[in-house]
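Let's start with one chain on its own, the form predicted alone, as structure tokens.
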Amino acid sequence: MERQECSGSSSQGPPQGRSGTPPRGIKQLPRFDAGVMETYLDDMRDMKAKVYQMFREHPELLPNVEEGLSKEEHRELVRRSLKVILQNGYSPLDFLARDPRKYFYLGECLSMVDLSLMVKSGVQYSLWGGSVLNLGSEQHRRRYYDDIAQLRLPGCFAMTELKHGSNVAALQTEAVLDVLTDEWVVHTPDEGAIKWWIGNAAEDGRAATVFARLKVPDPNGGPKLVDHGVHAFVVPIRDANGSTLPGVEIRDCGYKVGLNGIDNGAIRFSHVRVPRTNLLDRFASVDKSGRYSSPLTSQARRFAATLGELTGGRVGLVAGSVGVLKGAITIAVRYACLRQQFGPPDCPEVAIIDYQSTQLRLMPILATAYGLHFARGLLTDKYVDMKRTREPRLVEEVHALSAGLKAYTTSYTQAALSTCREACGGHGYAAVNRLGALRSDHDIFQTFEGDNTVLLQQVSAMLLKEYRQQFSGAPLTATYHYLRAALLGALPNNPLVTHDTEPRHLRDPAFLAKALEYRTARMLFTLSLRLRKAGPRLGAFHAWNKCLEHVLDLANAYVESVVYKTFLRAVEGCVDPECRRALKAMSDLFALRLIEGDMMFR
């Protein structure tokens, strides 16, 4: 921060610049009408206002300090909050089924009420309800929809096992068809196959979507069962009184680092029998004789289709994580504007927001929050289009975009939470200011719905696939046509070799977009060369592992390029000149900070 002069020591309060003329040496930032900006940013703000007013009218649901609650108290608080949401006419499952934009927006709103509440709603409606809607047939929807929607049938999503999380294809729980009784026998074969970290399982869940290996008798009369891979089954786990059913053993996972309002549990099945019709059979069915059939010709395609229908969970986490990021940076910036420390001799103390070190800490986070806000909107819109059209190319694009944005957004938000806490000094450590609870509760967003490291690898694998297929009919052709140059072995020119450091050039959107495009193309090109060189010598698995850091960097570079281009479109679409200038400044900062922090540009 440049040293400021003052006229004397008698004046009180912060230096001029809060509402008047900025102090000498400080550039005046773009000013805009906050109401106009909010109108442009948020076309569902009325819903947010109503949701927050609903909670203000129930202050008993808003404890001052989350950390002071026992897990039992916090779980009960979340149950009551979810019931209040339903009583006030909000139906998350109806939103998910009929207007997903409202569903994801509600999740973003709830993220700043209580992340446990947001996740509890997501488990009940997106995971349990969504799996029945998306993986089942019409008979399943008719049977379960209303009870799930009204919380009369709390449920679980039982995928993760003690030994297998991200590697879903290797799950060990099995569902064997007993042809004589027309039932599936669901069984946990060993300790490693116990379903673990299952939300809603410890106390509330009465049924679960259980992912298990579907096994049927050999149609040729052989002695061994035929394993058709992982499928989803509806399995009751408790009766109407809350008692566990025969063959079902449930244990509470206990206290966690955060999200203690969620009753995570471990489930073990001992030869539990359910009707054959409890198979969620959208992608595969089994008749009474045990004959297996599917419209998809390979086990890999069925598995991919099944997981693809669960993309909404990642979209929801992106929305929730963006909500947390917005809340945290709002808390930190407001504090920095009010907190005063030090200043020129014989002058009032200066607001810490006026220190360059604070600006460098917080302003890039603010810029990224804007960028991720627009990227979340892009992802939501594409998800809605995908559900409407079921167009295969769009399905693939949404899968890649949701994986990349979920990984990038949650990792960025988690780091930003610590920065915001530190920027608030000792007061940021007070539980009442929420930054500690947000940091603890949000931490697991980096792991569930796909570990971030695994998701980033999926993004890079998709980019390499497009590279190898020469973009023939690929969904990214229109957006990332510049990768054709890498494909032909001729990379686009490095836009930084001009060494032009004039602000006019550095803040030119064409330059910034080209710089980020160059980075992605360069990284894809060099990764492909490395894998091609190492593959014959090490084998595909070990070659990939040897290049893994490169793989992750490529995925993050791709996501950042997507975010910036989406940000630019939002800037261009803003008709109010003052708001557009402010958004342009934020987009410039977002891109320039990326360029500054990457060794490739040095």
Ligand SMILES: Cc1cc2nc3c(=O)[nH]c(=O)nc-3n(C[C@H](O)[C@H](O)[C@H](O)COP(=O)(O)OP(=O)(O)OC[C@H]3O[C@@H](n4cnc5c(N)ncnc54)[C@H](O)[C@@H]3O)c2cc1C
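For clarity, every value in this text was computed on a predicted model and none was experimentally measured. The first residue of the sequence shown is number 1, and the count goes up from there.
FYI, the form predicted together with this ligand isn't displayed, but the following is about it.
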query: Thinking of this ligand in the predicted complex, which stretch from 150-158, 92-100, 348-356, 459-467 has heavy atoms inside 4.5 Å of it?
result: 150-158
4.5 angstroms heavy atom contact with this ligand in the predicted complex for N134: no
query: Does P217 reach this ligand in the predicted complex if we count a contact as any heavy atom within 4.5 Å?
result: no
field: Heavy atom of E517 within 4.5 Å of this ligand in the predicted complex
entry: no
message: If we define contact as a non-hydrogen atom of the residue within 4.5 angstroms of the partner, is G165 a contact of this ligand in the predicted complex?
response: yes
field: Proximity to this ligand in the predicted complex, single hit among S411, S440, Q299, T447 (heavy atom within 4.5 Å)
entry: T447
- prompt: Given that this ligand is left out here, which of K256, R361, R141, H505 has a heavy atom within 4.5 Å of it in the predicted complex?
  reply: K256
field: in the predicted complex: members of 543-580 within 4.5 Å of this ligand, any heavy atom
entry: L548
